[in-house]
Each structure stands twice: as structure tokens, then as C-alpha cells.
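The data below hold one chain only, encoded as C-alpha cells and taken in the form predicted alone.
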């Protein structure tokens, strides 16, 4: 069954944009223009995820989130806002939001954040019984690191960095363990993991490909580059190839807008990407991929 999403924003164009993007991904999407209308909808229906603006008349986003946390605490929440002030985002994180999307957003960013938010909600429910088996020695070392940083201000990012070195990635079970140890909500831990591109919630391959989904790159054609990479490697964002050679991530910004469209492989940045150039770059990291890409291009030319 398709995930059910409620979009709350006082701008019709934002709701229409979100509906168009998310329905194309197969989600069941509804939109309302106020927090008060959202409350009525939420009383009458069940939703898997709520995407809400912050600044709205009468009932603002923070008020809606507080109400939702009391009435239906299991529903995931993502903020869509053009005013992501540090104070407001911190307050929202403390209330248990999963993530936030700054306006204006590109379709790729909205799709990626929504997918990860829904995965997080599912993973959070299963976090006490992880699918993966983590060796006791690994968890013991993780707990030691958490205990060492517990009373230090700003300790979350250093702990997450060490945790990723120890475990290899940061699944919901590990995030929840860290949050419990540092006395931080799982949602706040997740928001940091999802915001910084050097963290990953899934095991990575030998080489990690990061594709910028920001506005500058989107306008200059990154979507075509991304589609080519996904088709050639036969994976989606967040996945790893069967041979464990490559992982693919979408990030909101790589800080190289002047080079747009941009992708990064491991620590190497490549600008002015085209679909063809992207495959050539990937081929530098795996000689077997070069032949496959050349064969694919030849077949497309023949067609």
C-alpha cells in the first residue's frame, strides 16, 4: 500500500509542487492550506508522514507539531520552510521532527528527504530488533565512545563520526543507541545524520558517489546525469551495487555551485557533469565498468 502523506502549507504553489513530485513517486498525497485544516484531516484520517510549513496564520507549524505529538505521536514529521532559523529548527527537533527541507526545494531533494523520512519511521519501529547482527565487541566500543563524550558540549557529531568508523554506517538501531547514551532524541540524531553528506545510513561500497541535488545543479541538468548513473549501475539513491563497488547518494549541496552540475566520488569533485562524462568518471574507479558503459552507449547509438 502506498504511503499516505499530508502536505500543510499556506502557499498553493508549494502544495501543488509537492503533490506533483510525490505522486510521481507513487505516494498517496493530500494537501491543506492551514494548520487548523490539517488538525481536522489528522483527526479523521491516518497518515504515515506530515510535511508542514512553519509560518502559517492562526495555527503555525510548531503549534501543529506539538498538537500532533500529543494526539498521534507515531506519525513522522518533516518541515518545509523558507525560514530555517537555528532556534526554530532546534525547537522542532526537540519536538521530534525527522528532517526539514528549505524552500525553494528541487523535486530531487523533496523526493530524497521523503523517502529517507519514511524509511526512518519504519526503521525506528524496528530499531530494537535490528536486521543486522552487530558483534558485542563493536557495540561495547561504541558504548565506550558515547560514555567518553556524554558530558561534553557539542559531542553528537564527534560521536557519530567515531560510530561510523566503528560500525561502517549509521542505521536506526545505532542512532537510537547513541541518542539514548547522550540523552538526545532519536529524531535529533537522525536530523544530523541526514543533513551532513559524510554520514550514511546504509553500508557503502568501495567507492561512494555523491550527486548534488541542489537548485544550481538541478537547473543545469543533474537529473539527467543522475538517471544515467542509476540506469548504468542499476541502483537507486541510497543503494550499493551488487559487486559492492559503488554506493550512490543524493545530497542537498556540495558547496561547489560554480561547477554545477557536480558529483563527488570519494573525495574527488567533478564539475560540469553530463551523462556521458559521469560514466567516464565512474569508469576511472572500476575498469570493468568501462566496458559495460561502452557497450551500453553503443547499443543506444544503434537504436
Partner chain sequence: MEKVRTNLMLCAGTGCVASGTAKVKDALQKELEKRGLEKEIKIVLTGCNGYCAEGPVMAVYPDEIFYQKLTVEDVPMLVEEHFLKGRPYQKLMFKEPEKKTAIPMMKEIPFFKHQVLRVLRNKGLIDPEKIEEYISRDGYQAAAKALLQMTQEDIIKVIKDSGIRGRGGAGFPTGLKWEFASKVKSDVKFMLCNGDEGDPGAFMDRSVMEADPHSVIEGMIIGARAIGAHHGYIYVRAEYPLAVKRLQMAIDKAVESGLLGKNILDSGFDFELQIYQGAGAFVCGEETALMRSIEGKRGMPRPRPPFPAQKGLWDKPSVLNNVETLAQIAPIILNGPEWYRSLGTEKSTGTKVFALTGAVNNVGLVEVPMGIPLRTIIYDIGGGIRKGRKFKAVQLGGPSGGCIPEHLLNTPVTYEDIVATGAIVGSGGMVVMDDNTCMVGTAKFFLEFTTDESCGKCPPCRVGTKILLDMLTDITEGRGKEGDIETLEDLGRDIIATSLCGLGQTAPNPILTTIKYFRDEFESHIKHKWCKAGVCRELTTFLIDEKLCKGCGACLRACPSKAISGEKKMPHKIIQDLCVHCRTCYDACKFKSIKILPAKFQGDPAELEAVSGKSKREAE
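Residue numbers count along the first chain shown, from 1. Since the structure is predicted, the reported quantities are computational estimates derived from the model, not experimental observations.
This protein has a second form, the form predicted together with the partner chain, left out of what is shown; the following refers to that one.
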### in the model of the complex, residue 88 touching the partner chain (heavy atom, 4.5 Å)
no
#### Entry: Partner proximity in the model of the complex: residue 269 to the partner chain, non-hydrogen atom cutoff 4.5 Å
yes
### Query
Looking in the model of the complex, any heavy atom of residue 258 within 4.5 Å of the partner chain?
yes
### Query
in the model of the complex, does residue 219 have a heavy atom within 4.5 Å of the partner chain?
yes
#### Entry: Contact assignment for the partner chain in the model of the complex, among 192, 138, 95, 75, heavy atom within 4.5 Å
192
### Query
Here the chain is shown alone; which of 186, 171, 205, 214 has a heavy atom within 4.5 Å of the partner chain in the model of the complex?
214
### Option from 234-242, 250-258, 64-72, 28-36 whose residues, in the model of the complex, bring a heavy atom within 4.5 Å of the partner chain
250-258
### Task
Could you run down 155-175 and flag each residue that has a heavy atom within 4.5 Å of the partner chain in the model of the complex?
156, 157, 158, 161
